[in-house]
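One chain comes next, on its own, written out as structure tokens in the form predicted on its own.
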Amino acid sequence: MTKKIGDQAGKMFEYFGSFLRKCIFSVLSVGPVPDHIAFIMDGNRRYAKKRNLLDGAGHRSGYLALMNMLKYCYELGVKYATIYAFSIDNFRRRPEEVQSTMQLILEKIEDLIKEESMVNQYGVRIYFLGSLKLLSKPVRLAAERAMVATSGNSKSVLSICLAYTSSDEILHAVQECCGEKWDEGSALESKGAGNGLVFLKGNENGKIKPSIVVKDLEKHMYAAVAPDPDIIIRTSGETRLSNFLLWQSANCLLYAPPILWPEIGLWHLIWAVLDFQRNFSYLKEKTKLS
């Protein structure tokens, strides 16, 4: 009997929370709504230490906070969300910590592709961005399965940066561009129309210009699956990007609440969106100029 009353109370609370969010989001939607929000989930380990929790408990609490934050984003109408899940630099941490984190990531990837998961509920397509070859085989295969399993979803996009740094992303894009141009040069050479190198070419005025341009690089970025972020939210009060989306963040708003990642909630997202709306005209102008 007590359990039944508790379940009913929980459902009523959940319904009230959903209704409250709808009211708040309808008001926020009067102004511009960000198309893309990125998250640097900083503070999971400090959260666990602060509360004397077991190793890994902070990351598990952080995952629950992430699921809530993504739900709020998609309810608001934010189509793209990107999260910094694991940096290439994080592989330098203690082997047992890396192993524990990878095991948790593997477990949560499997949860994401379950039929009843939030991902399928909101029609979210998942991309994993980064140097995936650095991942263990089970994690890499799970990531590939998740991308295939959600490839039919088209309402929203979740990009998970795993084994990622922005410097590696830029290097990857340059290498891909050079390889592409080399192939073009080789094709011309085989036809007797070139020398195998096409890094310079003529424009309509007969002047020489570089063959590789900004758009070529952007096309080969890992994060090319989404537009540049409108807001980057980094918890724990840090205002560093820590090698995350450096290329894409030139004209975005950085919001850095002082709380640790597992403590993030609805009101932090609301304040970030309000700050974005307050600075929208300025950010739009900066984007035009760039």
Partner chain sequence: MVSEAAVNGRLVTRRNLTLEFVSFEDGKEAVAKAANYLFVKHYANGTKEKSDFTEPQMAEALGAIGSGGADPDLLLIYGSTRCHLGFPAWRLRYTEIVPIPPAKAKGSSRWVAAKARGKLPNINIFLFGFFLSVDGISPEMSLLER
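The shown structure was predicted, so the numbers you read here are calculated from the model rather than taken from an experiment. Positions refer to the first chain, counted from 1.
Unshown form predicted in complex with its partner chain; subsequent notes refer to it.
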query	finding
Residue among Leu253, Ile40, Met69, Ala226 with a heavy atom within 4.5 Å of its partner chain in the model of the complex	Leu253
Contacting member of Leu241, Ile259, Leu53, Val33, with respect to its partner chain in the model of the complex [4.5 Å, heavy atom]	Leu241
Touches its partner chain in the model of the complex: Ser249 (any heavy atom, 4.5 Å)	yes
Contact test in the model of the complex: Ser117 vs its partner chain, heavy atoms, 4.5 Å	no
Partner contact for Lys286 in the model of the complex: its partner chain, 4.5 angstroms, heavy atom	yes
Residue contact check: Cys178 to its partner chain in the model of the complex, 4.5 Å heavy atom	yes
Partner-facing stretch of 72 to 80, 140 to 148, 163 to 171, 95 to 103, counted where any non-hydrogen atom is within 4.5 angstroms of its partner chain in the model of the complex	163 to 171
Candidate spot Lys155, Ile264 and Leu269, all three touching its partner chain in the model of the complex (heavy atom, 4.5 Å)	no
